[in-house]
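Next up: just one chain, as structure tokens, the form predicted on its own.
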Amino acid sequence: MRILAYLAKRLVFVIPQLLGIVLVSFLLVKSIPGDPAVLMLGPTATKEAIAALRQQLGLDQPLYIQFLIYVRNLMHGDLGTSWQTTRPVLDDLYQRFPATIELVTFSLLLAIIVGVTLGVLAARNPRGWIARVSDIYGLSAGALPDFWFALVLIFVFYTVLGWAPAPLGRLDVTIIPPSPMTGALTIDTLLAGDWQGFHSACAHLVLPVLTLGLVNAGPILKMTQSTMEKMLESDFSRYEVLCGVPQNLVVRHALRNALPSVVTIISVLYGFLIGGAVLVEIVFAWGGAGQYAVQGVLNADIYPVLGFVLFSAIFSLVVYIVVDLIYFLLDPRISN
């Protein structure tokens, strides 16, 4: 009951946050140059045809009326229709968003493994060689453009060594995708018992996951290292050492107390990676929601952009609510 009450307090703020995000994103998207009606009809369209289409799309209405119409349609589950794909945006995002979530999730898992491991090892011996390597890696990862790193990995592992598959999507062109259940090909191929497809899906994940995981492990590494150093120098850790507690157990207790800060940076990165994966999706022709939104921006197709922002916002808010519950489990005192 305490967990439910704690969760209810957090859910109260979800709707206002979503409305604010929708409003800001709507105003920003509307500021994108280009007339959707002109792009839809082509350069040879007459003024009368353009005016008729603008009236049909509601583009001749004041901006606040367009926003109210969009919110009204949202309440009925209508995110609009993309004029590029001629499909409802909701259907397009249901098809593409799982690909982005799959890429981001595996990348974050790699970033957690690398960042937390190096951070703990560096904190145990701040003057050792692991700490020096961690400092260099943390600075390099923070300054490394992910799209450039992706191109380097493609050149080395695909062009030179030939170890990786061609960066042309999520599966080999000779493999038929399984029936979509979750949208994540690694899971769908397993559920279908398609081991060849599973191997191909994993092989195509390697380079984009390495790109995002290694680049974004830096913040986790720095947060883990700095927090662990404070915990290992705190009074309770010194007391454990004086009592003869084994060093590994002292480190485990320090890590437990450092987890709230580490979980915070992980949750922020999870939401950030949804948008940060856009360029990597384009480099690897991933076909995810980020690539879909970029195409919408370039072609003044506003509904895919707004839909992507809305889906990303909902995903981020869900992540933050889960993190709040993790905080509650780590330290129930925060509910007081």
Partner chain sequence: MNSKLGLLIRLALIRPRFTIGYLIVASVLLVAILAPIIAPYSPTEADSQNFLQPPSAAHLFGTDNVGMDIFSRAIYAPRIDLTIAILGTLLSSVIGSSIGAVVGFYGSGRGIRVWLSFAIMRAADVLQAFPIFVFAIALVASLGQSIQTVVLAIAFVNAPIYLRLMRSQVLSIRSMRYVEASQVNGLSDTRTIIRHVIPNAMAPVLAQLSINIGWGIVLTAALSFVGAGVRAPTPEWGSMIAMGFQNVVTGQWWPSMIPGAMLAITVFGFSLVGASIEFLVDPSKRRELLSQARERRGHAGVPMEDA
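Numbering follows the first chain given and starts at 1. Given the structure is predicted, the values throughout are model-derived calculations rather than measurements.
This next part talks about the form predicted in complex with the partner chain, which is not shown.
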Is it the case that Arg132, even though its partner is missing from this view, gets within 4.5 Å of the partner chain in the predicted complex, heavy atoms only? yes
In the predicted complex, is there a heavy atom of the partner chain that lies within 4.5 Å of any heavy atom of Pro43, even though the partner is absent here? no
Should Phe155 be counted as a contact of the partner chain in the predicted complex, where contact means heavy atoms within 4.5 Å? yes
Contact flag, Leu269 vs the partner chain in the predicted complex, heavy atom cut 4.5 Å: no
Can you work out which of Thr182, Asn73, Ser179, Thr159 has a heavy atom no more than 4.5 Å from the partner chain in the predicted complex? Thr159
Would all three of Gly58, Gln196 and His199 be in contact with the partner chain in the predicted complex, where contact means some heavy atom lies within 4.5 Å? no
From first to last in sequence, which residues of 14-33 have any non-hydrogen atom within 4.5 angstroms of the partner chain in the predicted complex? Gln17, Gly20, Ile21, Val24, Ser25, Leu28, Ser31, Ile32, Pro33
